[in-house]
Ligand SMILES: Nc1ncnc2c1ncn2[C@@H]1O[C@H](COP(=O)(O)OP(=O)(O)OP(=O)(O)O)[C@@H](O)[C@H]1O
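As structure tokens, one chain now follows by itself in the form predicted on its own.
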């Protein structure tokens, strides 16, 4: 199994606070890897560093064997690395279908001139059907429920057929039925060859879905392994009990 993402000695400080402290880990291709840890342990900051949303103070990020440290989110998206956010980011003033078409790389001007290719429209329609959003395809994204917005954000990033998807709290604020739906979509995409790195607080979700699991505390990994292994690791128990 080859390494798809390599994080080496990443460090990020905010004033006098070190949010990420010499962080190193890898994500193997073909896995659903979890990144867990107590609140404030640096998980989302690492996501922001890896995806170019924040500049690192030091360290390196390599994707598919090439250094991408500091590369913009747009360029990473084009290379096959995409992410979601804790607060779903969609274009509320566009319809659900238009959100997907824009995610395919079309500008707003091109969208409204109806110059979008038939292939992209077919691809968007397929994703709407897959995520059961076809019935709301003509609604503005602003009219969707919280859970539907999270599904739309997930569907939109798949327009680029990414190799690696970073999911930041995919089940946060989502009802149990939609959690099952989200899990089913991740499993289906994983079976089709997509690799995932998931930050998540729902431990039942993580233990069902993810292997390996990387545990963060105070800005760096303290343990990694199978779900069963990390659940019994004294360092992990101490990190959570001490939260």
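Because the structure is a prediction, the values reported are computed rather than measured. Numbering follows the first chain given and starts at 1.
There is also a form predicted in complex with this ligand; it is not shown, and the following applies to it.
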For this session: Decide if the three candidate residues 14, 39 and 169 all line this ligand in the model of the complex, where lining means a heavy atom within 4.5 Å.
Result: yes
Problem set entry | in the model of the complex, segment of 41-49, 202-210, 60-68, 177-185 with a heavy atom within 4.5 Å of this ligand | 41-49
Exercise. Just one of 86, 145, 78, 72 has a heavy atom within 4.5 angstroms of this ligand in the model of the complex, so which one?
Worked result: 86
Exercise. Is residue 222 a contact residue for this ligand in the model of the complex, using a 4.5 Å heavy atom cut-off?
Worked result: no
